[in-house]
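So this first bit is one chain, no partners, the form predicted alone, shown in C-alpha cells.
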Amino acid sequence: MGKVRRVMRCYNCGAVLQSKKKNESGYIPEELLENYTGDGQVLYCQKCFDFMKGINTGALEQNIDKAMIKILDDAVATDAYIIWVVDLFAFNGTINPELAKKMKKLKVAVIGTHRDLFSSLIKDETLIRFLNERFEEVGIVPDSVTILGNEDNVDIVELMKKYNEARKAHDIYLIGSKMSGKTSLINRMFKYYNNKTKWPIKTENYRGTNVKVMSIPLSNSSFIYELPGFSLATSVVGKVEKDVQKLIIPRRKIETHYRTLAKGDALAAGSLGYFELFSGKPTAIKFYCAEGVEIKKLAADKVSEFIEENNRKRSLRPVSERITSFRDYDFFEYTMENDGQVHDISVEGLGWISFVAKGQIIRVMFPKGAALKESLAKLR
C-alpha cells in the first residue's frame, strides 16, 4: 500500500504550501508546517500573510493625540489629580499604553457615564467592578469610581467636594473620549460653581500646543483643566457617516439579543460587525447594542456574499458607504480559555457579545482600525 499525505494549501490563495523555495508560490516557514495540528488552525503562505498584515490594522487600543500626551506631561510634572470620564456603553477597556504609563503615576478618579442606558436591575457595583478591572489591567488603580446617568440623584456638590479634598490643592485634569459625557458633567458642575478667585474661566490654547483647553479656577493657584475629548479614531462611531452614527449610538436602554451559535455560524450586526464561532460546542451568545442595530445569524461561509447583497439591498441595518468590501474590515481570532466564566468580546462604539468561555475559537470581523477587546464580562 502506498502512503498518503495530505497536501496543505494556503487558506487564502489556495497555493500548495512548501518550505523549500522562498521565492516561489506557497512558501511558508518550515516550523509552521511541522507544528501544524489541524485543530482549528489555518495556514497562510508568506505572501498572503504579509498582505493581510497590511490590511489588518486594528489598533486594539485607544488613540491619543500627541499634543494631548504633551499636556498630560504637565499633569505628571505637577502631580495633578485626574478625573477620567468614560462612556459605560462605548468603553471596552482599550486604553492607550503611553497614556496608561503616565496616568499610573497619578491619582485617578474614574466616572462612568450613561448609567441610564443600562437596566435598573443591573447593580452599580457590577459596572464599578468592570471599570476597576479594566483600569487595573493597565496598571491604574482608581482612587474612586463613580457611576452617573443623565437623570439621577447624584449630589454634584458632594461629588466635587470629594474631588476637591482628594486633589490636596493640586490641579485637576478632566479627560475622556469625545462623547464620553465630560461636557454634561461640567455643565452640571457649573450650576453650583461660584468663582471666588481672581482668575476668570477661560478657554484658550494650552501653552506650547494648538489644543484649546478650558481652565476653571479652584483657587488662586489651582485649576480644573478640561481637555478636549480623545479622538474617536478607534471607535466605529468615528468611521461611519452621521446617519449611521445615529443608529449605533444608543438613545434609550441598550438592546440585548439572544442567539445560539453552532460551529460555522456567524452573527451579523448590520454590515458593521461579524462574530463567528469557528470552533467549539454550540454557544449561547448575548449581543448588546443600540436599538438601531439589527442582527442576523448566518453561515460564516456566506458572510462575503451577505456583505455584497446587504450593501445593495440594505435589508439589515446599519450599512455604511465607507465599509463595503473585505478590505475595509479587520479580522481577529480569539482562542478562549476553558474557565467557565462569562467573557465579552467588544468592538468599540458598536457593542459586544457575551458568552461562557469553554475553549471556543471565535473570529471577529469589524471596521478597519476600530479597537477590539476581550475581557471578563461587563455584566455578570
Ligand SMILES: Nc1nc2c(ncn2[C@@H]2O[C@H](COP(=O)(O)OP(=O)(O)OP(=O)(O)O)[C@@H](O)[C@H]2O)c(=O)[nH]1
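So that there is no doubt, residue numbering starts at 1 and follows the sequence shown. The shown structure was predicted, so the numbers you read here are calculated from the model rather than taken from an experiment.
The same protein has a further form, the form predicted together with the ligand, not shown here; the description that follows concerns it.
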| Of Thr260, Asn205, Thr78, Ser184, which one comes within 4.5 Å of the ligand in the model of the complex, counting heavy atoms only? | Ser184
| in the model of the complex, the residue from Gly229, Pro217, Gly292, Pro142 that sits within 4.5 Å of the ligand by heavy atoms | Gly229
| task | Given that the partner is absent here, state which listed stretch (173-181, 261-269, 236-244, 160-168) has heavy atoms within 4.5 Å of the ligand in the model of the complex. | result | 173-181
| query | Even though the ligand is not shown here, does Glu308 get within 4.5 Å of it in the model of the complex, heavy atoms only? | reply | no
| said: When the contact criterion is heavy atoms within 4.5 Å, does Ala100 count as touching the ligand in the model of the complex? | reply: no
| query | Are any of the heavy atoms in Asp116 no more than 4.5 Å from a heavy atom of the ligand in the model of the complex? | reply | yes
| said: Is it the case that Gly280, even though its partner is missing from this view, gets within 4.5 Å of the ligand in the model of the complex, heavy atoms only? | reply: no
